[in-house]
Ligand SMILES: Cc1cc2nc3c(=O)[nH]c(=O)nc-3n(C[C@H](O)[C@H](O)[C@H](O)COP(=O)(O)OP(=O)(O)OC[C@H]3O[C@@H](n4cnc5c(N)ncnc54)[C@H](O)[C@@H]3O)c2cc1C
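Next up is one chain by itself, shown in structure tokens, the form predicted alone.
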Amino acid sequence: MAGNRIGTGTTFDADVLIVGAGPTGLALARELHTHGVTAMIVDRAADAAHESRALAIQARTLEVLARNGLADDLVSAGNPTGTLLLHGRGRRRRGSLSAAPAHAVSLFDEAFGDTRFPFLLFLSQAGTERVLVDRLASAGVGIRRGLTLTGLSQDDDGVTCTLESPGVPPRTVRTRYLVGCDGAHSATRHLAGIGFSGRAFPQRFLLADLEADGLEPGRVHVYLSGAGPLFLFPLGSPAGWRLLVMLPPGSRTGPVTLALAQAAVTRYTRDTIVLHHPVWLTEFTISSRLADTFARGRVFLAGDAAHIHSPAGAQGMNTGIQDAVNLGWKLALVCRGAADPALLGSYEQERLPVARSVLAGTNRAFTVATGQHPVLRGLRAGPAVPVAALLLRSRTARRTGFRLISELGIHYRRSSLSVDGVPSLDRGPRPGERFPQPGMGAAPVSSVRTAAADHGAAPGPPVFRMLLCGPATEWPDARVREFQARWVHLLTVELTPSAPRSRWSAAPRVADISRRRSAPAQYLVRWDGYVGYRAAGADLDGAEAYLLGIGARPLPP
């Protein structure tokens, strides 16, 4: 679509200019390419990241990337881990300090059945980016490096951007939309005049990728003490372990060395852990900030350009990638002319509350883990480890914790894109909630085909799945085919014998299986796996009204 003259005669260099080639920008570029939209991706850095930075991918992120075929590549490249070793402080006996007791806790459980990915995937940011870059390169999408966004101006049709590189005259790029995925110091955010409210924390942290002897492999090791926490994560590449530890208040500043890292480990653990062969050592501080808005005109923010927070819970990169997937399918529909630009307003409506919730949750966790109030110090030094280990032995507690940390519980129930039809359903996932993933005991699905579908009416895969639940005889064949013919460029129509029994499971209720006839129900599921519309009964007029209401455009008769 780029390069064509649109309306006023404006020529676009790309439908979307993405500034920033980190995980968020790369994921957005992949989404747009999948849906047949041209994206230009630029980055000020001359080379990709080689340090690990973010290192964990959550189940929900893998789910939303699975539609693009990326999840399996990431899992193959990473280290799925589900076991945590909680270490308490050793006790002093006869003048010597005994080794700290360790409690092995299974974080996740494959029997949960909530997802195809019942684990935390450890993969360095560099490794994540390699998978995304390779997929883009195989599709002919490259990254233009060494370019800095230095200017932007908007009009009714698009955005004119100025890109600069040392020793080269400035270049002007014309694009329909601009998305800033350029990190905490986002030039896009600054040039768009969007504020970044929040605060910085005084604590300083040491971060290192290195080798370590004396640790049980394949486990996440957490040491709690009055001074704070120490984490050792199994990494694999570019080194065997990632170390994260808070430095003592008032400690000296200066170059971060292996000796400083070893001293911190010895101080926190009292165990015989020997660090060696560091690949990367750095010191950092933490801020918690949120953009005042995620969109201004034709300019959008995603990832760290929109929100930054503490690394508690490994939420940062995952939240950014899910920003990209949420925005990607909406931008694609608008750029293809298949939806009204008003659809883009739902991006901020859905993702800003998520980011606000992530900041609140990580701030609370950060305070509990690092606060120096005597009560908090006493809890960490004493009962915190055995109590946490006891709680996490409960399958219910693990399930609840997994759904929270893995981001499976994120929902958009208050979004304008989440609509309950009439007659309403009294069970199953609600509009705005994640639809239970395929393979989780789901009833078999068969697709309804039309001549239009067979001729590939859309430049990319369908953005919606229309699930018709119940006996096939309940669904009038002529009406179903008419419905799909009008919307074949946006959706597939699929028949399944029964509706999901709950928000978390696609398996039908036993009562439904035992009935001779189960009542029909319908779910319109978005590209990112959330329910947009649902209703009881076999009348498809409500689903059609929903699509028209969100600005989607049917094919002409």
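Note that residue numbering begins at 1 and tracks the sequence as displayed. These numbers come from a predicted model, not from an experiment.
Absent from the display: the form predicted in complex with the ligand. The rest refers to it.
Among residues of the shown chain, R270 is not one whose heavy atoms approach the ligand to within 4.5 Å in the model of the complex. Using a 4.5 Å cutoff between non-hydrogen atoms, Q315 counts as a contact of the ligand in the model of the complex.
Put simply, A66 is far from the ligand in the model of the complex: not one heavy atom of it is within 4.5 Å. The ligand in the model of the complex comes within 4.5 Å of a heavy atom belonging to A54. Checking T293, T367, T148, S237 for any heavy atom within 4.5 Å of the ligand in the model of the complex turns up a single hit: T148. The three residues G25, Q125 and D304 all sit with a heavy atom within 4.5 Å of the ligand in the model of the complex. You can rule out all but one of 148-156, 467-475, 132-140, 351-359: in the model of the complex, only 148-156 has residues with a heavy atom within 4.5 Å of the ligand.
Within 4.5 angstroms of the ligand in the model of the complex, the stretch 164-184 places a non-hydrogen atom from each of C181, D182, G183, taken in sequence order.
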